[in-house]
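Only one chain comes next, encoded as structure tokens, the form predicted alone.
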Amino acid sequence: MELTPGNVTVEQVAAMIDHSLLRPELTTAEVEAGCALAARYRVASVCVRPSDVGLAVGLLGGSGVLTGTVAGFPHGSTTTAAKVAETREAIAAGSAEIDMVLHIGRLRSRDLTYVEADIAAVVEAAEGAAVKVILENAYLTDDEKVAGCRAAERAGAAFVKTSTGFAPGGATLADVALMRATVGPSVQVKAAGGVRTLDVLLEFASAGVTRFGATATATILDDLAHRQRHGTPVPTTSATSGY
């Protein structure tokens, strides 16, 4: 189904967004402001740095917005034991979702046994919390993307995800279509990196993406509300940058 500003609500689009608060330079005040924005728009979750999980859980209590965090971020090259330890600590602090980076180098080496075991260990440590596996597609061939998606599905991941937002490229329509075609219906697809406008989000959602990592949350949702009231996009003077 093609999604357009005329057939979705602001609430439906908000429920697809993980508001990202992962940039290393963010201050505590900026994380607090980001959590307040997430609660105001009632997005699916905030995705915060591991050290901010407790803060976000406290700020978002009762809002209906989940707290998520990352493991092995952003390069994926930490040991499995380190990713498991990060995951266990995050779950203990109240994180409801884990976005982990698979071992990109091992995937490119075709060491799929390692890649799958690495993911499975994090899935087990997450104790039922949703695990989203970041492939970092900018570094991969299509065959590697397919292999990574299949390894994630076999390992029990809830999502496969395009990007961290810190690589040379982010989500593309071709990549999300490939990922959606590769995994079964029990695995969802998350797009991140470059999803900064309503039109891009709706195009990707029409291709089967159900969750988005974004910093331009307010821009996207305000644009949808404006179009539904006035029939035209919100005028913009500059591009929104960020994850």
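So that there is no doubt, residue numbering starts at 1 and follows the sequence shown. Since this is a predicted model, take the numbers as computed values, not measurements.
Below: the form predicted together with another copy of the chain, not depicted.
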Even though the partner isn't displayed, in the predicted complex is F73 close enough to another copy of the chain, meaning a heavy atom within 4.5 Å? yes
Can any non-hydrogen atom of I104 be found within 4.5 angstroms of another copy of the chain in the predicted complex? yes
Answer with yes or no whether P50 is in contact with another copy of the chain in the predicted complex, where contact means some heavy atom within 4.5 Å. yes
So in the predicted complex, does any heavy atom of T28 sit within 4.5 Å of another copy of the chain? yes
Thinking of another copy of the chain in the predicted complex, which stretch from 122-130, 149-157, 83-91, 169-177 has heavy atoms inside 4.5 Å of it? 83-91
